[in-house]
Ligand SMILES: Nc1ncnc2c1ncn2[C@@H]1O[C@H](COP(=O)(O)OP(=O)(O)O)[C@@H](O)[C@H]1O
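Single chain ahead, written as structure tokens, the form predicted alone.
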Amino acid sequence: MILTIGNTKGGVGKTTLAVQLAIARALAGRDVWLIDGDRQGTATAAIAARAEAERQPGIACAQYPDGPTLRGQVQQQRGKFDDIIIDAGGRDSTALRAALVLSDVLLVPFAPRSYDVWALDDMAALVDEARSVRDGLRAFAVLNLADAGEHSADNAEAAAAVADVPQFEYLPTPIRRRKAFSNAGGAGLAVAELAPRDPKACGELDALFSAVFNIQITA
């Protein structure tokens, strides 16, 4: 699977999810390539911290913030990996556009804030553009940095807003704002590797992992 985690809106936690899913997939025995399509290089830094700590399994990671380079490298090397996870976005970029055309699945994290929900319309336009070039792109939205309360009105309103953007399917596997995710990500760890272990964070990540990697993709 080629999975892009992206959004034209910054600050939605896309890099955190990309790193978490890449490591979790590697821990499940898959050969994973994480591509950092953001000039800030946060995902690259996280994986470098993992390598310096000699944590296993190691994660292959490369930074390609330029669309043509990203496209060319994925086309040349996609056969070497079971899964490719691309961290792209924070703005409308050539890397994000290239990733959408290459991907089987797009995961768009958004926070329960008005500006984040409105940004889904920008991503919807990019999804339409990518689908005009390549059939088969599945696009999903997931609530990230959600309020911790199980019955938060803001969470519920944000999730309901996805229904107004037909390009996306909503994944009912929210990731809540938990310190474990930031602590783990900064060290290049999956939340399951962090000590002490946060069972709620692990459960949320496991639910998202299962939802994403059980998506049926069209060849």
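Position 1 is the first residue in the sequence shown; the rest follow in order. This structure is a prediction, so every number in the text was calculated from the model and none was measured.
The form predicted in complex with this ligand exists for this protein as well; it is not shown, and the discussion that follows is about that form.
Scanning 33, 181, 168, 64 against this ligand in the predicted complex with a 4.5 Å heavy atom cut-off leaves one residue, 181. Checking 5-13, 207-215, 192-200, 21-29 against this ligand in the predicted complex, the stretch whose residues place heavy atoms within 4.5 Å of it is 5-13. Although the partner is absent here, residue 159 sits far enough away that none of its heavy atoms falls within 4.5 Å of this ligand in the predicted complex. This ligand in the predicted complex is approached by residue 144, whose closest heavy atom lies within 4.5 angstroms of it. Using a 4.5 angstroms threshold between heavy atoms, residue 55 stays clear of this ligand in the predicted complex.
Not displayed here, this ligand is approached by residue 175 to within 4.5 Å at the level of heavy atoms in the predicted complex.
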